[in-house]
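A single chain comes next, written as structure tokens; it is the form predicted alone.
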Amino acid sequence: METIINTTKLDVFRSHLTPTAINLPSAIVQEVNAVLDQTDFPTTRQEAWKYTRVGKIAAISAQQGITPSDDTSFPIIDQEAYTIHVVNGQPIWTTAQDKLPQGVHIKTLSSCNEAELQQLFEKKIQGIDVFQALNIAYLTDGLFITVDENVSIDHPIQLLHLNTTDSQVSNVSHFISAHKGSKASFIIGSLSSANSNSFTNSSLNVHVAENATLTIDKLQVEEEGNLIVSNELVTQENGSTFTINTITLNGSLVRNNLTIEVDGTNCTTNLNGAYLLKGNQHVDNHTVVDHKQPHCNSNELYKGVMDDQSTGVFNGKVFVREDAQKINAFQSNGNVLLSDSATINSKPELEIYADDVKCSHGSTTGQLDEEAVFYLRARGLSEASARQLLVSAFISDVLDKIENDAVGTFIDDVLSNRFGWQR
């Protein structure tokens, strides 16, 4: 009898990739390959991907590891930050390693031994999806960053991702560990300059230890036609504070999966996001805040502005476990549609198993207030200026939460160049 072999889109995509050269433990490699052998790219029939099609990713004739030319100059967001560029999946030390502040240790995954990699990846493989499995099986490289106990860093650590060629696929993983009582901030940027069909599949694992404070400003400003899937897993211990600001201003297809496990008491968690879209851009934010311990606060604010035929997706979920009493959890998603062809799909969710909590969620979608536009025009503004002013006021609730002035200036420059807006 003739054997029929069904070739999936994922099989074709994988045929262009080179298995990771990182010395990962064999059991981990076998497990992720088993996941990939038994699945395909997600479809809209799956609830988590209901509003996001990944056909553009599946259609890439992928290539990996293209070395950039020596004379390439790479963009920098914060000139004072300790900077590492990750170019076509390979870390390039823009700030020399011996210039890092005392108490900060950074090494590439390719330089880690097998025992270190086992410790880093053993939790990462639990319940992974197809993109997380691809990230590990075809891992290009990544960074392992630790901040020692009670160390406060004077300037941010800046990780800037760039793909410089078409059809470039970069599978990158980073691990950040902020030890007890430490304080650090990070800038993580996706700034690919390739014209089209570049795909960054990134993974970030963050551990915020007892009484540590960690802030991440995450900026996604890819050129048109480039694609991003980003998976982040954050774990918090007692008394820790974690803040992430996710700002998406460009990129053809962007999917952000952010999961925060609040596994300590007296923690504070802040999630802020802004997405400003035009053309056919598609941005999908999926967030989970899992409160496992009592006496914690979480605040989530995401705002979007959609123009032309762009599409936004927001799915935020807050869990409050049975023993997690005295939780204050607030979630809000607001959206403005600037054209009749723009779309937003918003789904905030609460799943509460404790009874002594204060939790709320909400979602609003609308267009600009025409009376407000008329009021501003009556005072001498053009219609375009009036609309831009109202949009800026709407989105500033999120952007004003960014404390790094260099990051704020970078965002303002992008808003001016891409949208013609002044904030």
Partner chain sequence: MIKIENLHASIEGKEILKGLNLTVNAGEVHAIMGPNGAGKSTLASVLAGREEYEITAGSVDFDGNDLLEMSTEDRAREGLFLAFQYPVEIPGVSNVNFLKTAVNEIREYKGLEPISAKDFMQKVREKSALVELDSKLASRAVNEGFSGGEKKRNEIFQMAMLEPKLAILDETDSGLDIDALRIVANGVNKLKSPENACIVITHYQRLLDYIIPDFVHVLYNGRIVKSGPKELALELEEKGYDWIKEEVDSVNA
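Positions refer to the first chain, counted from 1. Keep in mind it's a predicted model, so treat the numbers as computed, not measured.
Same protein, other form: the form predicted in complex with its partner chain, not shown, and the subject of what follows.
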{"item": "In the predicted bound form, segment of 29-37, 376-384, 357-365, 49-57 with a heavy atom within 4.5 Å of its partner chain", "value": "376-384"}
{"item": "Residue contact check: residue 62 to its partner chain in the predicted bound form, 4.5 Å heavy atom", "value": "no"}
{"item": "Partner proximity in the predicted bound form: residue 398 to its partner chain, non-hydrogen atom cutoff 4.5 Å", "value": "no"}
{"item": "Its partner chain in the predicted bound form - contacting residues of 385-414, heavy atom within 4.5 Å", "value": "385, 389, 390, 393"}
